[in-house]
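Only one chain is shown below, in structure tokens, and it's the form predicted on its own.
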Amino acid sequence: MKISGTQIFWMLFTLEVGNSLLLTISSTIRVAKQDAWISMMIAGIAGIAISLLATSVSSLYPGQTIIEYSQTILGKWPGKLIMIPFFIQWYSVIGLIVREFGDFIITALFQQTPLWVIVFTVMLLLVLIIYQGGIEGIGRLSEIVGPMVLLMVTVLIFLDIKDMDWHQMLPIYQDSGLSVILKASYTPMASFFGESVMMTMFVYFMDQPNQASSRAMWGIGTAVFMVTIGTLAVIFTFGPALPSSLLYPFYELSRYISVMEFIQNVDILIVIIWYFSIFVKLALYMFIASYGTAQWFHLKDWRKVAWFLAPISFIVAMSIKNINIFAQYYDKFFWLPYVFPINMIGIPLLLLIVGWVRKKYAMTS
């Protein structure tokens, strides 16, 4: 299985843009008001820095995934144990994302369809692409749907131009200040743009690992640019007060669009954008969880792990009673205080420093 630099670009762009547009704008505007777009840019810069950290440590051992080079750098058992936080993250987040996706599809399209039908269908499709195509199949899928997502987001913002009032972004910085803007940037930074740490698993599969840093940073950077423009579009259209009370402000923006009373009901584009984005994200998490588990336990066929992982994710998704409350607690008590500082910064930084010292020592001795 090999993927190109272009596929890395579209994988990271598609992974980030749909979820960030739909799920982060409301909470960011709630804190930073009309300066939420500045918070998005700061979060994006941090995401680019994390992708650079992930590709830098992987470039020390381009022939290994993080599951393997953590043992090369720290030794067998310390290297294995330090991967446990990643497995907890990977295994827990898949069920949560599937449930969020199922609830949104029911709200937007299929109000009469049982939730388990949508969740089961998505899990079946995920196992199919993982089993048949692996990371190569996900890369090819991203090359097809990524440009479509970029085009649809651009079209939506363009159609909304006539309803925008740029005065809604004023005053800039005066009402919030640096501390509030930084506080608002934490959720999109930790929950979404920081997921570029996945590059610690992807560099191993690249046909040209030397392109990893540039392609990853361009992918995250393009997603950040589109999310920042989307945040500005929401502020220009609704002002800084209303979006904080909406669950999906960018989705509501698409429902608001009416051009000459002829072009309407374009909210279906948001459903398609999120479907593509969430599917690529789920497929990537399923792949790294399956492949990583197989490497950790020295299993010969990593694909069979997907058949074990899918039922677990289905049960997790269906056992959540209220996804909105659960997601808030999941972010507040698990993802923000543990996953972001430990999995996305702490462990990659530790492996980079120790790995660099070991390489330096090996060269001089």
Partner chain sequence: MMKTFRKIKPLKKAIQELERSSELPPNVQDGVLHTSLTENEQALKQIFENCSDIVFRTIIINEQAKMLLVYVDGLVEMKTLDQVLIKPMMFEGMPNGLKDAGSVGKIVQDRLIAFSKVDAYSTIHEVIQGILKANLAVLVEGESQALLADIKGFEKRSIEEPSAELVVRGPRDGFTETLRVNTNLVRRRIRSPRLKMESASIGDLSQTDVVIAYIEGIVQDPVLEEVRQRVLRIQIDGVLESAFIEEFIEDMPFSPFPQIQNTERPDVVCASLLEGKVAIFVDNTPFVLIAPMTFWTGVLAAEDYYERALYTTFIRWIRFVLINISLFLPSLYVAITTYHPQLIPTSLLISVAAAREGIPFPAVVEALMMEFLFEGLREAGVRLPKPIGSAVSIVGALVIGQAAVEAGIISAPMVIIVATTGIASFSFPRYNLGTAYRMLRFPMLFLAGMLGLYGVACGALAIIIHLTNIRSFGIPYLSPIAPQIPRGLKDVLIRSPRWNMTHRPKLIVGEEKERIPEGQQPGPRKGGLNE
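Numbering follows the first chain given and starts at 1. Just so it is clear, the structure is predicted and the values come from calculations on it, not from any experiment.
What follows is about the form predicted in complex with the partner chain, which we do not show.
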(Q) Is it true that S51, S214 and P243, all three, sit within 4.5 Å of the partner chain in the predicted bound form, judged by heavy atoms? (A) no
Q.
Among the candidate stretches 177 to 185, 192 to 200, 155 to 163, 124 to 132, which one is within 4.5 Å of the partner chain in the predicted bound form when only heavy atoms are counted?
A. 124 to 132
Q) Does any heavy atom of K80 come within 4.5 Å of a heavy atom of the partner chain in the predicted bound form? A) no
Q.
Within 4.5 Å, heavy atoms only: does I97 come near the partner chain in the predicted bound form?
A. no
Q.
Quick check on Y275: any heavy atom within 4.5 Å of the partner chain in the predicted bound form?
A. yes
(Q) Under a 4.5 Å heavy atom criterion, is E143 part of the interface with the partner chain in the predicted bound form? (A) yes
Q) Pick from F279, W218, F238, F205: which residue has any heavy atom within 4.5 angstroms of the partner chain in the predicted bound form? A) F279
Q: Could you tell me which one of F225, F110, Y256, F87 places a heavy atom within 4.5 Å of the partner chain in the predicted bound form?
A: F110
Q: Between 99 to 120 and the partner chain in the predicted bound form, list the residues on our side with a heavy atom within 4.5 Å.
A: F101, I105, L109, F110, T113, V117, I118
